[in-house]
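So this first bit is one chain, no partners, the form predicted alone, shown in structure tokens.
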Amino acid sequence: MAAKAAGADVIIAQGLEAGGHRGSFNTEDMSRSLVGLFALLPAVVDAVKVPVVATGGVADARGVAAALLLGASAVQIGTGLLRTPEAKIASPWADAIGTSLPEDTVPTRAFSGRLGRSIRTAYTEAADKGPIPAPYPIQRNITKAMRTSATDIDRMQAWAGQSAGLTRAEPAAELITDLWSTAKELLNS
């Protein structure tokens, strides 16, 4: 509603399933406003008269079709594109994304001090046991050396959404073309 009141032409509805840092007007309140995309999307669509873009936890054609059925004007895919060759992410991260189950991702402040969704790793597990991470950007600076030198998944900043396991390792153009054509088939069946 704040975006609508400010005159936004388009609104992004991002569910808690999203990988990495989520967009937020109030970063201190993020951990209390964790709403899944498919609960959030119809509420936002019903409340505003501008196009709504769905994002967070959409990595295959079924998610694209579902978001469109719930009123989204468009769908943004993040983690679903990370395994494409164009993303050029580290192999251990790409491999972990491809094998992740929804419960293999966790919200964490361990890497940056801001809440973000990551693949569960030895570092996120250790950080969850304490101490409390420093605020952003201090925590980001504290973890910089570890993140930039990491060669294994357990020390990498491995952002990923809950639908990570649905991703495919193929060129982005092929992936997007297939997602759209399959989503259209699902919508027309």
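Just count from 1 along the sequence shown to find any residue number. These numbers were taken from a predicted model, which means no experiment stands behind them.
Not on display, but discussed next: the form predicted together with a small molecule.
For the three residues R22, G57 and T79, a heavy atom within 4.5 Å of the small molecule turns up in the predicted bound form in every case. By the criterion of a heavy atom within 4.5 Å, F38 is excluded from the residues contacting the small molecule in the predicted bound form. Within this chain, Y123 is remote from the site of the small molecule in the predicted bound form, having no heavy atom within 4.5 Å. Just one listed stretch, out of 124 to 132, 62 to 70, 49 to 57, 140 to 148, contacts the small molecule in the predicted bound form at the 4.5 Å heavy atom level, and that stretch is 49 to 57.
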